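Shown next as structure tokens: one chain only, the form predicted on its own.
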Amino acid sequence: MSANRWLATGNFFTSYREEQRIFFTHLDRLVFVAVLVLLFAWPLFFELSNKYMLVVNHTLIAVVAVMGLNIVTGYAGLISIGHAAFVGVGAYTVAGLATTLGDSHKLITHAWPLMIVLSGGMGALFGAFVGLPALRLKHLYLAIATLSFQMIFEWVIHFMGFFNQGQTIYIGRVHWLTGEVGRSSHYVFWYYASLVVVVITGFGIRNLMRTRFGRCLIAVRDNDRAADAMGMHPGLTKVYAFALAGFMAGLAGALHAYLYRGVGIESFTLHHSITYLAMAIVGGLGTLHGAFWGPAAIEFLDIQVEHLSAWAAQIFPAQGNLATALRPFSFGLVIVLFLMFEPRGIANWWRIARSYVKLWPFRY
């Protein structure tokens, strides 16, 4: 590494400790702090409508969920098509307690950080259970096993009276230091709460990949037999990958329940599992950056397609139903194009741009 870490540009390391730094240079740390300050400060100066604040909050919640999916699919190389069910487990943990204790019970409204962590723990429990087939199954067979969990989850929610047969279960308004969070500050409050969860979980994953447990995930993904020969336990690694993914999904589900002040099965269907997988693919599997770029890109695409559909409905006849078909068509087209031309996702564009800036003007 260069003696002056403000001017260092390449990846010249002289020790493993240098290679394991979270921030390779002082400039990296400065840029990160500046972005973090910007994310926390902009709501104080710019006011968005509730519609767009909801989109921003939904994107942050999707980031948390996709970070979990990235652990199991990107880092561990295990296909999961039932990730929305794990998100639903977290959401219905809050909803189940709201049904039992009442939607305005103090445990729900005052101890909401504890409820979010509890929902993550429940998601991890179900994730570890669903990950048990990974001890014997691989590839398509494991994908079918996770798909089965998605179908079982939807069936249980639809047919159990405790969960209101999939209909909305309401959650009371939470309380903070200043009292109850009112309607006017609801979306801003949950923006900050979701952002704090994103930052904490992002640092957690970044540090996980610096440990032997994170390296085990990559080793098992690349070649599980070679990993076994080197003393790792591929089966245990796969199970805790599913458990971590379930924990992250549970956190996202609890945030979803509090943000929408209710839980319904329509938010945790197979369609949403495919959407999470698409976000991970578009963002870039196996990269922490991809978990941020993917949800942002898909949510931005949804907004633009919504505007395009409104314009198309005015131009083209309703019989053609073109406006309705634009959203699934664009969604599928984006996935196919990324798989064909950029399988490493938007994160690869970021890597190329960042490398160009770091290497110019070729200091060494």
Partner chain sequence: MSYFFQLVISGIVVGSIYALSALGFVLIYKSSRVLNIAHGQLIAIGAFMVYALTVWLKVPILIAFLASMVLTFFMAMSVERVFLRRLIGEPIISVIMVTIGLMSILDGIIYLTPFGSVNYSFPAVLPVTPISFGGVSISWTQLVGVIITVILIGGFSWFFKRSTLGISMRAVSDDQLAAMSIGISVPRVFGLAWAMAGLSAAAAGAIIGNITGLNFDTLRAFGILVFPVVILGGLDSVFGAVVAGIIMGLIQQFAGGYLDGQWGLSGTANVLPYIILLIILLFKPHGLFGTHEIERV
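Computed from a prediction, not measured in an experiment: that's the story for all the values here. Positions refer to the first chain, counted from 1. Throughout, rigid core stands for the largest set of C-alpha atoms superposing within 1.5 Å between the two forms.
Although not depicted, the form predicted together with the partner chain is the subject of the following passage.
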In the model of the complex, H110 touching the partner chain (heavy atom, 4.5 Å): no
Exercise: P133 in contact with the partner chain in the model of the complex, heavy atom 4.5 Å: yes
Non-hydrogen atom contact G77 with the partner chain in the model of the complex at 4.5 angstroms: yes
Heavy atom of Y356 within 4.5 Å of the partner chain in the model of the complex: no
Whether L48, L114 and L259 all lie within 4.5 angstroms of the partner chain in the model of the complex by heavy atom: no
Contact stretch among 249-257, 219-227, 97-105, 173-181 - heavy atom within 4.5 Å of the partner chain in the model of the complex: 219-227
Heavy atom within 4.5 Å of the partner chain in the model of the complex - the one residue of I335, V305, V56, A297 that qualifies: I335
Heavy atom within 4.5 Å of the partner chain in the model of the complex - qualifying residues of 220-253: D224, R225, P234, G235, K238
CA of N50, rigid core aligned, shift of 2 Å or more between the shown form and the other one: no
